[in-house]
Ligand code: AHR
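Next up: just one chain, as structure tokens, the form predicted alone.
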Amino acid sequence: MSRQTEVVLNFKKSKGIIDPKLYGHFSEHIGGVFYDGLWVGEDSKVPNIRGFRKALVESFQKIAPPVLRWPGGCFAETYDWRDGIGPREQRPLRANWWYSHDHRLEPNAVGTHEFMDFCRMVGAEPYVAANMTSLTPLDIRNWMEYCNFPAGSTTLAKQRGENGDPEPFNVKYWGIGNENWGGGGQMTPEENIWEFKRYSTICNSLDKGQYHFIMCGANGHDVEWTRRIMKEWASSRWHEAPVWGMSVHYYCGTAGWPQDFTEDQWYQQLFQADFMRRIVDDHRAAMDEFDPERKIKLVVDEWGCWHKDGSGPSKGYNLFEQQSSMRDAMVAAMTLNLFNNRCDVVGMANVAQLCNNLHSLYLAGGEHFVETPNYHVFDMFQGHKGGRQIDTSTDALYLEREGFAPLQTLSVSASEKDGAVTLTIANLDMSQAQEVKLIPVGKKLGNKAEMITLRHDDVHACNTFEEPFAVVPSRTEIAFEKEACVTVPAAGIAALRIR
């Protein structure tokens, strides 16, 4: 059986251009994200490009990542960038932030130069998360000078050249502080903003206006944190340290195991994902009280599902590694649709994390490598990047759950670019397909479409080293007759390109 629904595409209404940075990524030095994940080393038997896993590099290139955040996360709070430069064999072995969790040491094989090389390989813009809990303002300022000053212009620029990169890295995005409400110093909002002012003032003295500084915002729905730091910002608007963005972190909590959840837990996870609407809307409303011109952008630089440990192929060795099923892919689709429809509010977003961790696009180990269903969602949604958002509405049924806002069973976003419409639809209904009638307002739709669908008969299915292609998209060409209608399968995700 299937349910009849309508989706209205109103070409007369738009929130603006969908910035590609809404499709950003995050790579922290935690567990197996880098070591035996992204990085295998130049001498590895695993095919690699200058030490980075070749299969992952080539796969990541295909989805054109706009920006990649590094090296943390919490890892940044005890990271000294000088540990990761110079001859690799001379770099120190350190106990990093996560040592108390897994007792793994940081070899510093991947440092600034390697990370920048990876960004160049895949075409991503680097977003460096610098800490303001264990380094001084001058330490971060020197890191910026090391990364960005012209070849041979200063001692640090010369040192960069001696280490293999004479030309500057041109890093624009700098996070000053990470989760300062928690592991980043247990600060109050006021303490956080005072420290941010101090650090960013010193760092901005290098080249006023060139750098985009991102300050630490709230944990989840802690709107009071946002209101308090914005109040402090508004009461003493400083000129030396402009703020480009404020970060917010939100993870969907556990609802059963990644591959062992009930129908009720399927919907519980999706209600949690939909809570991102309140995260974005309520924080922006609090920011607007003090920043009505929206000079400061909202940056959701950590998001995704956070399941219980141990479901990934490393069987718990890689900290926080988890498998991803169609339920995780559905969360990714819902979240990206939400960001598309709030492209006037969200300035950047970074899914956490890239490999062998939370909500990952990849799982890897040794010679093994697999793309998760999350990866395929990012691939399917590529057409939205840089497109003009189109207002959409649907008459799909609503679900209700105590403690949450009503949740529609269709998640939709649309955009237009280069004479084509990209329409992405996620059917949250676990048991019923939806027959979707498309109703355009202001423009006509062509009579043909390419449709990519991601689904599986078993919503618990995932891609493993043994079955790497269990959950993959299918493609088909559709010819519309009198009406533009498509069928989105139960628990399925569809992406349409319509001329």
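Counting begins at 1, following the sequence as shown. Remember, predicted model here, so these are calculated numbers, not experimental data.
This next part talks about the form predicted in complex with ligand AHR, which is not shown.
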Only one of 366-374, 195-203, 425-433, 72-80 sits within 4.5 Å of ligand AHR in the predicted complex by heavy atom distance, namely 72-80
Does the 4.5 Å heavy atom contact test between residue 179 and ligand AHR in the predicted complex come out positive?
yes
Is residue 143 a contact residue for ligand AHR in the predicted complex, using a 4.5 Å heavy atom cut-off?
no
| query | Is residue 353 close to ligand AHR in the predicted complex, meaning a heavy atom pair under 4.5 Å apart or at it? | reply | yes
Contact of residue 302 with ligand AHR in the predicted complex (heavy atom, 4.5 Å):
yes
Checking 275, 115, 267, 98 against ligand AHR in the predicted complex, the residue with a non-hydrogen atom inside 4.5 angstroms turns out to be 98
Heavy atom within 4.5 Å of ligand AHR in the predicted complex, from candidates 257, 251, 317, 149, belongs to 251
